[in-house]
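Here you get one chain, nothing else, as structure tokens; it is the form predicted alone.
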């Protein structure tokens, strides 16, 4: 088949394919998935999500089990959104003793019913410095959320969380306005720092805090010696009660980042295993049918043995004995999955080898390899395209099931691994539905996509199905 014949065949195939609405839907979803994989670095909110999925420290600034941001659109109280605040102004002032005080002013417009869970300062500095973070409220009152000194920094990062450093200051602020009898039975550990920091200053603010909405200013001041001590950058992270497009899990990981990072593995596993296993099955069936006799019987005997072996128990035992890896899982799936198209291809090859042009090729002295690869395989491989598409969902679900059992590759993030973590984290019992529904739904959609493509190609490549 030359390029001209291939172009003619593709044009004819596309003309028929466009008439199948389900095939076009599947193709559109697949194209979208491929674009997401290609532009993954631009789409991911957390660029290191794939490499740091199991690194708890990478996600420490997020909120645990936070619902998606769009849940604020639902009826109920609005919650503060997770985000990063960049400084509005930076100023320097020389103080007593020749030290320099650098101040970053951040503006945070708070218009929610429920406050954030934390305010976290990240500051990169060199030398010996003293830091403090102050919250200036819309009512003119101020709370010192954190204060500390660091020595011997070498372009190091300082992380200061209001919930860790500002508890005593917020408790002192609470005591100024709360009923004395009520305060007498309370301790700072009974109080949620941000609930008090963002509440109206009045009696009863501990039990029934009312949101003090308006513009807050967060002032971060670093004091050090001029010339020797230097601060490179400073930012404030608001750990909100809602976060991202798909929320977070109990380890504060952004689920949207995990699902996007897992898409490429779903496509790789499904397409690669399907392609290799179907090609092996097609060639196996052609060779068995072409040679016939004892070769055919032996190959069919091997086929029946492999086809009768349960794959999942073998993978479970293998994963329990050896450290599972993605490539190992893929090759085991191929070893036990190539049998799917053998019998269909064999029956078709038995008919083709009796055709006149095959006999003519033998009479002209063509070898076995030339007849198989030149005359038989080109006729049968196109019919395997539908089998490839239809087998992809099974392989995606198979890998997801394996990961759900905790037997997948722990070094990568897959949709099955996300569901496995949801199971271990009791997501269903805790009502964290956004941890379960998106990966499960995407597994179903991806399976549906290739099923649509497979049904469409099956109908085109098998004309008899068009009348059914």
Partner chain sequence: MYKWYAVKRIVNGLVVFAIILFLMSILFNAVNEETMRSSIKEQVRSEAQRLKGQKPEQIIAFQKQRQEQLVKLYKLDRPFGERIVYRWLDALTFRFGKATILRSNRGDRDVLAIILEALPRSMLLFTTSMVLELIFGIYLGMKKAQKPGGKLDRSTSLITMIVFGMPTWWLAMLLIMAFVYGLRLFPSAGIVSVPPPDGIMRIVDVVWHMILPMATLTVLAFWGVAFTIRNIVLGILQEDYIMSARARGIPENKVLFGHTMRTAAPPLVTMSLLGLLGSFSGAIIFEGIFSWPGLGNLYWIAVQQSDIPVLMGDLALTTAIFQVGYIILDLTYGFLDPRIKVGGNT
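Numbering follows the first chain given and starts at 1. Bear in mind the structure is a predicted one, so any value in this text is a computation, not a measurement.
Although it is not shown, the form predicted in complex with the partner chain is what the next lines describe.
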- Message: Does the partner chain, in the model of the complex, lie within 4.5 angstroms of each residue among 304, 320 and 433, using heavy atoms as the measure?
- Response: yes
- Out of 140, 310, 184, 76, which one falls within 4.5 Å of the partner chain in the model of the complex, going by heavy atoms? 310
- Task: With the partner chain left out of view, choose which of 31, 441, 38, 56 has a non-hydrogen atom within 4.5 angstroms of it in the model of the complex.
- Result: 441
- With a 4.5 Å heavy atom cut-off, would you call residue 24 a contact of the partner chain in the model of the complex? no
- Query: residue 49 near the partner chain in the model of the complex, any heavy atom under 4.5 Å?
  - Reply: no
- Message: With the partner left out here, check for me: in the model of the complex, does some heavy atom of residue 42 sit within 4.5 Å of the partner chain?
- Response: no
- Query: Counting only non-hydrogen atoms and a 4.5 angstroms cut-off, does residue 69 reach the partner chain in the model of the complex?
  - Reply: no
- Residues of stretch 404-422 in contact with the partner chain in the model of the complex (4.5 Å, non-hydrogen atom): 404, 405, 407, 419
